[in-house]
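So this first bit is one chain, no partners, the form predicted on its own, shown in structure tokens.
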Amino acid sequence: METFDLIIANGTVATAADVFTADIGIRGGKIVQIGQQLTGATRTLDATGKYVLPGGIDSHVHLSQPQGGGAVIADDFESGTRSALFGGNTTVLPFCLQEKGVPIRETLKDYHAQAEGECYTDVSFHLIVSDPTEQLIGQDLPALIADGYASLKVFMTYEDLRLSDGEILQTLDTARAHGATVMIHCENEDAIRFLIDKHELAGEIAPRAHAATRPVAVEREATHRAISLAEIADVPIVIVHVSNGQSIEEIARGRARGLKIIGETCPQYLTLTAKDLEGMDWEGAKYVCSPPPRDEAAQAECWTGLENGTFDLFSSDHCPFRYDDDRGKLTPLGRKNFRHIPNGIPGVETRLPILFSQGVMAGRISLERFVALTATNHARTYGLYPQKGTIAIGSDADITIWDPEARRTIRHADLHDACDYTPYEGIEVTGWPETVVLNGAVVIDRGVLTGTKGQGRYCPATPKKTPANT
């Protein structure tokens, strides 16, 4: 009699807390036993010499998101989650963007419809708050948080998205009362507009000006202000896509005052610099994202943040636009002026291999730290733990088997998104996810897609317990 649907045998298993050799028994999509010499399965995967890790969770991904200025984001749910799966991810958290004047439930219904039947990975949604009306703050958000939409994002930049300090405080107060987690994009929009105007007057309109008009100071100031607002509202926050040491210092100072601040960084801040935006013939547009890449010193500071625990999350901020496309980076306006180049770069498929190679294999971080940064802490932060993000009895059987000796050179031709380039072209990595298990089903088998579109499920998040909802 078969006891298990699947056994993963003889692998080196890692969680955020431990590394050990064991077999994993899976039944009904769940991990039901962890032990030695398990037998009695419909199928057994031999993981001898391989690492058996929780499936990656990328909690900062933009898919099918509305854009202005004639641009269209490259990845929908089908291509984006397929790319994520090949990169060793089993859950992604994209953003549902509330457009001004549209009820957020209507937007959410449309977003679910786009995802339905299209996903190769499991998904859970963040809500972007761009129009914090009394109805939204007082009624809609509390009800949505209770329904499992327990993470919100607010912007301090982008004219059509940014909230005032008062609006941020209102959103933070609602989050505190109902147990939501708030992510904040920290850049000072007024300072950016001032610098853009100066550059345009000087005729500096090439892509490299994007980095010059978003210097470290605008991120550092906004980070300090966001932390101050969170302190006033008495609520934890997530500072997303941190790019430099000065902003890291603001997080450390806030924590020293006893505040709960979660820090996130991304591959672009470990591998790219502002010099990449200087590419000939407008190719610097490929690297336009916000905050922009900095310099080698900032890269080292971000590595230190990953190593010493300042950063809790390592996400891709996958926001893909095709380069050679008049609806992508090179819109008619984007070809003429950096300010109109769509912000964002692809990276959901390469996030894990880059950190595994440059972090684990280079000896910068431990395997346990890798698991925490890429899976467990995401699940804990956004209300999906312990269903997701760990290898434990009762958890979803979302597992990635890594070959730590595999050597590859990242080429867009080998990737699976709908973009037409990768900013990480030519980076050599050691270690690659070769087999992926989603909810107990083998969906990537030694590099071959065996899962089907629509196999991914939607996962509601659990709000945090607060004095208001205990």
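Numbers follow the displayed sequence, beginning with 1. In this text, all values refer to a predicted model and were calculated from it rather than measured experimentally.
If you look for the form predicted together with N-(aminocarbonyl)-beta-alanine (URP), you will not find it shown, but the lines that follow are about it.
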Exactly one residue in R322, R294, H185, R208 has a non-hydrogen atom within 4.5 Å of N-(aminocarbonyl)-beta-alanine (URP) in the model of the complex; which is it?
H185
Looking at A397, C289, V242, L85 here, can you tell me which has any non-hydrogen atom within 4.5 angstroms of N-(aminocarbonyl)-beta-alanine (URP) in the model of the complex?
C289
Test of understanding: in the model of the complex, would F155 fall inside 4.5 Å of N-(aminocarbonyl)-beta-alanine (URP) by heavy atoms?
yes
Even though N-(aminocarbonyl)-beta-alanine (URP) is not shown here, does E349 get within 4.5 Å of it in the model of the complex, heavy atoms only?
no
Is N343 part of the interface with N-(aminocarbonyl)-beta-alanine (URP) in the model of the complex - any heavy atom within 4.5 Å?
yes
In the model of the complex, does E219 come within 4.5 Å of N-(aminocarbonyl)-beta-alanine (URP), counting heavy atoms only?
no
Exactly one stretch in 165 to 173, 229 to 237, 273 to 281, 147 to 155 has heavy atoms within 4.5 Å of N-(aminocarbonyl)-beta-alanine (URP) in the model of the complex; which is it?
147 to 155
Of the residues spanning 45 to 81, the ones with some heavy atom within 4.5 Å of N-(aminocarbonyl)-beta-alanine (URP) in the model of the complex are H60, H62
